[in-house]
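Just the one chain here, laid out as structure tokens, in the form predicted alone.
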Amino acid sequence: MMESFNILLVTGNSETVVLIERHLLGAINARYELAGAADIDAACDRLENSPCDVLLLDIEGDDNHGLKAVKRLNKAYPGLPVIVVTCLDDEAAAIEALKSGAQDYLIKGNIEPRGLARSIYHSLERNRLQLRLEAAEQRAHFLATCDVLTGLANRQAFNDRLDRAIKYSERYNLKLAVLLLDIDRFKSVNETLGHQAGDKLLKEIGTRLRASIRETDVVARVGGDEFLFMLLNIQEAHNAARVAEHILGALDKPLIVNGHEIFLTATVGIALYPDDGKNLWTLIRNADTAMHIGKRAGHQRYKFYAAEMNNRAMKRLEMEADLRHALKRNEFILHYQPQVNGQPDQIIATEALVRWQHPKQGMVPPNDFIPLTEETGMIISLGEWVLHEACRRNREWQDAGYPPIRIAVNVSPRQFEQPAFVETVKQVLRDTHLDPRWLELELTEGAVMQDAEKTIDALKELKQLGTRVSIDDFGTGYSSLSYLKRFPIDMLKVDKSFVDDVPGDPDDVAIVKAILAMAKSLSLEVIAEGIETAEQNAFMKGLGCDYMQGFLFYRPLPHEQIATILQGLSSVKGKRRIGRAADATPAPTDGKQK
């Protein structure tokens, strides 16, 4: 396609018009339109309505007046190529014209068609190159300072702005706030809808967050779903809290992505200058600490930093590092708490409970480290070790001649959702030579309800294998009865929180009765945990509860003490057997314990 462009000739001299028209006609191998303007004022008026590609400026007489015209055009239309056409054959004047912004300087007496065409083409090309260079520079600046996906500031730009703001606030004794926002469970969006949908969602989130703060404040995307805010001139902590609520409110309305309505929540950590830090790194770190503590609390939309948080955060980091070495160093052990059929000498099973023998801190309670293993994913390897060790120990007791009992092993939600979980169970049973009927897997309500259909398939495999399955902490989760009756399970475990106040608390009594009635209707066995008094034991037995577990009978004990108990009970020949498990038959594969 032939190139097309517009030329504007600024001259009050008719001879110049004829000269330029004649040379253009014989030189330009392109489509062009030549327009005219008598003077610089007329040219500016025309350019306001009809932009051109190149301007030919005829300078006559006073050279200084012509240079002022070049400067005026260059200032008003910086991207417009200007070529000076003049009678003045003056090298110094030509240099000044170029310095003033002209692309070229042509002397009328020396103009010939090819030279005029070359000047116009070169001016246009230089202008295009300049525009491309400026666009590249702008792009480079954008990439250096902005997040490509959302257009918000990036981490480097945010840090620069925050550093300057801290110095300004220090000089004028002002306060500012740093907020770190993290989208809750954003990973599930990518996993469910795909990363393209996730990117669209982040763009919309960025737009909402930018609109939720003042023009003087700054928001930056600094991670996959993390955003940093700098709030200037914050007078009091409650001002920052108000802004945090406003920011979080921007996410309250659903977001629509690919036709899907998505509801998001977020957690915000807040650090204040100068109270919580006097440099950018300290402020950002403390906002991050506050955010993570707020997220672990579960119900706090925003959380202010407090000095003691750092101590907890440091301890948590140290514990995480220690945990990563604990398995290799054989620091974990199992204790076992027997489950009974109403009496201490009627043991039907024992639950394996993991303990951590820290080389410096001694025995670490499970509540202090199990949540961290869940959060970091270490629960998967730890859970496999617990499963293997519990099965190995149970087989060891059987080989010692003790009457066989079941070993109950807790399975975390993250363990259960692993695709190879059932194969792991099979491999552990093969390695330890334990008959599957002596293994019971305890799953939480949350674990089995993550994906009910997949859960049913996995449970059927486990039942076909011959293992027993129970639902732990029953009543604290959100089981759907329609699914519960489809789950091939054997037993419900009543949570300790419902047992603690029976028979005195009528609400707990009602809940326990309802659980037992439901279990009976589904042909499921029931075990109550946390039995600590004779009154609790008698009450639960009176309701028809099958089994008990708690301090009234046994505390969690090392394997040596369990072995001694089993040995003592098995030596009382002809008087009492060990529960009903001593001559138990394999569990039926339809999932209902008869």
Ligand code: C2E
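All values reported here derive from a predicted model rather than from experimental measurement. Residues carry their position along the shown sequence, with the first being 1.
One more form of this protein exists, namely the form predicted in complex with the named molecule; it is left out here, but the text below deals with it.
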Taking 4.5 angstroms as the cut-off for heavy atoms, does G550 touch the named molecule in the predicted complex? yes
Are any of the heavy atoms in E532 no more than 4.5 Å from a heavy atom of the named molecule in the predicted complex? yes
In the predicted complex, does P556 have a heavy atom within 4.5 Å of the named molecule? yes
Would I379 sit within 4.5 Å of the named molecule in the predicted complex, counting heavy atoms only? yes
Answer range among 516 to 524, 363 to 371, 156 to 164, 502 to 510 for contact with the named molecule, defined in the predicted complex as heavy atoms within 4.5 Å: 363 to 371
Tell me, out of I293, V411, A244, V257, which residue has a non-hydrogen atom within 4.5 angstroms of the named molecule in the predicted complex. V411
I need to confirm a contact call. Of D276, D473, D147, E440, which residue comes within 4.5 Å of the named molecule in the predicted complex, counting heavy atoms only? D473
What residues in 331 to 355 sit within 4.5 Å of the named molecule in the predicted complex, counting heavy atoms only? Q337, E351, A352, L353, V354, R355
